[in-house]
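Single chain ahead, by itself, as structure tokens, in the form predicted on its own.
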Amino acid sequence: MTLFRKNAEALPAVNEFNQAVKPVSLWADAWRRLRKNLMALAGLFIVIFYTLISVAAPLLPLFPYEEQVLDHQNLPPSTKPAGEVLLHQKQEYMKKVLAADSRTEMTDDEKAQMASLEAEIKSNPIHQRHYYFGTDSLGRDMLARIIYGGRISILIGIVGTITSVLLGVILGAIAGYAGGGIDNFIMRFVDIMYGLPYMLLVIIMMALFGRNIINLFVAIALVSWLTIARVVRGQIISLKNSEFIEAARSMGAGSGRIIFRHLIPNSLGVLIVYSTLLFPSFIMSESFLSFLGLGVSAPLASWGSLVSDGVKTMEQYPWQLLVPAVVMTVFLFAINFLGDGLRDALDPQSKNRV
């Protein structure tokens, strides 16, 4: 019997044409399909690029994100040194003053001010800085603040998504598989939590326990697992009486093995899609809290807080809103494209498989 089993294992798998077929794992097959989806692949590379830039931020040649240079307030994006941009702004301002006063020449005091500014620009090395994304109202480098803000925003999305997925998957799977009183207890608790205003709970927590990054993580992830628990419960109920589950039971598999080795992996497509929807929702929730003044505390920044600050000055200095808004929007679109591509690649029953 042992010899027969060894011989059987040595024989390669064949198709209906008696041709050898190389076995392919689920993840290898999913990666093959994902590579054919150009939008999902582009989203994957964008997400990886953002993540690498955020993680490597301390190693990049950036100016300190919290450093204030009051002489460089509200400088527009430029590839020129800050001193040249500052001098150009001053010259344009003087032209407007001369035109308003119907003059053709500057006074001696104005000439002295311009000469003093030119000398300061040449002598002070701080004016040789380059602000490719401009500066904010306190003279802080927008590029550095966006990159460091990306660290906070991406971390909020990761921590919130992992927390909500773990809680939702575990509780939803147990409720769906066990049924009966356990299902009723968990789902009634979910209904009670659903009845409470989510954002009001987050605001109350932030107001009671203070504005710090840990409290922000806990507050945002507090009730975010409710919907995913319901989604997983529905998937488990629809799968738990399937033939492959009956086969696992007949072979003596326990409830834990059936749930975590058979039922949850077969719900992977739905979980990934919902997770990619949760990820940007956490970033948007943090943006809303920052808009209310309950988000990340200064001098720390996030994309949400930068957008909130940019709204206040968007008429005079539009780059302070447009730059962080565009950076955040590109990342959120990339996450959604990647989620759709992963759903099509991992779901064996998807109609959009490539």
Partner chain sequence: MKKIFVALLVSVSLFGAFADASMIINNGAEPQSLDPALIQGVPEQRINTAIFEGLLRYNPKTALGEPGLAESWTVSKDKLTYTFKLRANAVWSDGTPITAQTVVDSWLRSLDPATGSEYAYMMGMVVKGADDYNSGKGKKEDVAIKAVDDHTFQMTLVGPTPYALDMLPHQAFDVVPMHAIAKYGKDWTKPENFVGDGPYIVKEWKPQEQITVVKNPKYWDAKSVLLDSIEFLPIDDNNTGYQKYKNGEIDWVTSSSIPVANIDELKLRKDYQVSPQVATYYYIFNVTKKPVDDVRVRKALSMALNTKELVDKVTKGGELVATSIAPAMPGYTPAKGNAYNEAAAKKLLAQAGYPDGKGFPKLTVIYNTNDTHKKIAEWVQQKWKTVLGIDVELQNIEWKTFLDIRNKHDFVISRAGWVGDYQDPNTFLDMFLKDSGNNNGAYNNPKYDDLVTKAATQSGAERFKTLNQAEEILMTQDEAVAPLYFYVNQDLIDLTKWSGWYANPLGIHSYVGIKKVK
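Positions refer to the first chain, counted from 1. Since we're looking at a predicted model, the values are computed, not measured. The term rigid core refers to the maximal set of C-alpha atoms that superpose within 1.5 Å between the two forms.
There is another form of the same protein, the form predicted in complex with the partner chain; it is not shown, and what comes next is about it.
*Indicate whether the candidate residues Y50, H130 and S287 are all in contact with the partner chain in the predicted complex, with contact defined as any heavy atom within 4.5 Å.*
Verified in the predicted complex; spot residues all out of contact, no.
*Where does the partner chain sit in the predicted complex: which of 34-42, 324-332, 51-59, 311-319, heavy atoms within 4.5 Å?*
Checking each option against the 4.5 Å cut-off leaves 311-319.
_Partner contact for A298 in the predicted complex: the partner chain, 4.5 angstroms, heavy atom_ = Contact check for A298: yes, within 4.5 Å of the partner chain in the predicted complex.
*Any non-hydrogen atom of R211 within 4.5 angstroms of the partner chain in the predicted complex*: Yes.
*Hey, in the predicted complex, does A28 get a heavy atom within 4.5 angstroms of the partner chain?*
The answer is no: A28 has no heavy atom within 4.5 Å of the partner chain.
*Would H88 sit within 4.5 Å of the partner chain in the predicted complex, counting heavy atoms only?*
Answer no; every heavy atom of H88 is more than 4.5 Å from the partner chain in the predicted complex.
*Using heavy atoms only and a 4.5 Å cut-off, determine which of D71, E110, E84, D183 is in contact with the partner chain in the predicted complex.*
Looking at D71, E110, E84, D183 one by one, just D71 meets the 4.5 Å heavy-atom criterion.
*Would you kindly say which of I170, L155, L138, I203 lies with a heavy atom within 4.5 Å of the partner chain in the predicted complex?*
None of the others qualify; the residue that does is L138.
*Just give me the residues of 260-286, first to last, that have a heavy atom within 4.5 Å of the partner chain in the predicted complex.*
Result: empty, none.
*Verify the C-alpha shift of D71 between the shown form and the other one: is it 2 Å or more after superposing the core?*
Comparing forms between the shown form and the other one, the D71 CA shifts below 2 Å.
*Verify the C-alpha shift of E120 between the shown form and the other one: is it 2 Å or more after superposing the core?*
E120 C-alpha, core-superposed: shift of less than 2 Å.
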